[in-house]
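Only one chain comes next, encoded as structure tokens, the form predicted alone.
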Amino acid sequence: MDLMEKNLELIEVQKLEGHTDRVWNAAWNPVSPILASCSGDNSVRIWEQSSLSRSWSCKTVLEETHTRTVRSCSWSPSGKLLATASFDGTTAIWEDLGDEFECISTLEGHENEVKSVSWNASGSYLATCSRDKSVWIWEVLGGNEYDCASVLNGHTQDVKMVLWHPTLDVLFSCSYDNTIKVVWWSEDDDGDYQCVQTLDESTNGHSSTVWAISFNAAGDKMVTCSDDLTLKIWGADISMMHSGEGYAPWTHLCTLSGYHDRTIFSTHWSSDDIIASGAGDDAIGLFVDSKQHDPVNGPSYNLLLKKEKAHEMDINSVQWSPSKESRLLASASDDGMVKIWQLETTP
């Protein structure tokens, strides 16, 4: 279906109110109609959709564990565990017991604010990153035990986000040092995680802080966003990595610029190939592949729509629902709101 030929509108479905400070991040549960949000009010809110009314309400508030801002939250692939990363230097692991959430483990080690947390595709590893410039990889041992498998010190500044690849155990991180680093397990004598590639200005990368990373469903393309007001699309031959032929490098495919006039803080690639962006200009942008692949310049992406004044302040997070049919998008903002949007075709 060619989305560019349809009249599409981003409709606000519901405003989720309750946080008393800026909302940093929103995360959809991968198996249930549940959304988690985390905030400068030191809490995490769990929102659930009613099967009857289809409206969203706050099911529970996770508080009194973190003593400072909760910056990031991430569900395990099973949807049973929620990891929350905080400026108090810890990452908490919560288990959904059905009627309540219980904090079953606390990961300590970072020197200061933890900025992001991510599970790998199988749920066997977690990654965290911090203002202390380090990325930690944690092995999930069972029995609520987590063991630090590796500490990576490749970045020279605050690390903004970590994200595992959707189909390979390859870890990506982006930083205030303007770079994206790619880490994977080396099968050499030492057997350790190593940085195999750095995407920076010399590889057509970003010229300022890189805030976020997202992958398409196939995992052969990546989008990154930055303080330099651009989104960049990268590609790699992941079939080569899947077949065990070694590391296939990521290359710059195209740059999307001129769509936001303030820092782009968040980007997310939907399961049906729509890229969302959220920025300091209070707007949400949606982009799709133009399907016109120039042999010289590579692929290009078109602006599908831009929702101005989506929030009253900076948008920190945009996240598509994993359900392809629903086309729901969650956004979180400095205005203290989480909003649920639906991409709809208008007559």
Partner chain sequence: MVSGLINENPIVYEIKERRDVRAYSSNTDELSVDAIDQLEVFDILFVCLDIKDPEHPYSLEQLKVLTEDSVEVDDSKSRVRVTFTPTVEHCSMATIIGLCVRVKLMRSLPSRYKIDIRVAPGTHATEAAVNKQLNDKERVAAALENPNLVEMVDECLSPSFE
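All values reported here derive from a predicted model rather than from experimental measurement. Numbering follows the first chain given and starts at 1.
There is another form of the same protein, the form predicted in complex with the partner chain; it is not shown, and what comes next is about it.
Self-check item: His165, Ser277 and Pro322 all contacting the partner chain in the model of the complex, non-hydrogen atom within 4.5 Å
Solution: No, none of the three is in contact.
Quiz item: Which residue, Trp250, Trp138, Phe265, Trp75, has a heavy atom that falls within 4.5 Å of the partner chain in the model of the complex?
Solution: Residue within 4.5 Å of the partner: Phe265.
Quiz item: Pick from Ser150, Thr255, Asn178, Thr90: which residue has any heavy atom within 4.5 angstroms of the partner chain in the model of the complex?
Solution: Looking at the other structure, the residue within range turns out to be Asn178.
Practice problem: Using the partner position in the model of the complex, report whether Asn316 sits within 4.5 Å of the partner chain, counting heavy atoms only. | Solution: The answer is yes: Asn316 has a heavy atom within 4.5 Å of the partner chain.
Quiz item: Can any non-hydrogen atom of Arg131 be found within 4.5 angstroms of the partner chain in the model of the complex?
Solution: Result yes; Arg131 sits at the interface with the partner chain in the model of the complex.
Quiz item: Is the gap between Asp282 and the partner chain in the model of the complex 4.5 Å or less for some heavy atom pair?
Solution: It does: once the partner chain is placed as it appears in the model of the complex, Asp282 has a heavy atom within 4.5 Å of it.
Quiz prompt | 4.5 angstroms heavy atom contact with the partner chain in the model of the complex for Arg327 | solution = Contact check for Arg327: no, nothing within 4.5 Å of the partner chain in the model of the complex.
Quiz item: If we take heavy atoms and a 4.5 Å cut-off, which stretch out of 94-102, 67-75, 238-246, 142-150 is in contact with the partner chain in the model of the complex?
Solution: Looking at the other structure, the answer is 67-75.
Quiz item: Using a 4.5 Å cut-off on heavy atoms, which residues of 88-125 contact the partner chain in the model of the complex?
Solution: Those in contact are Glu113, Lys115.
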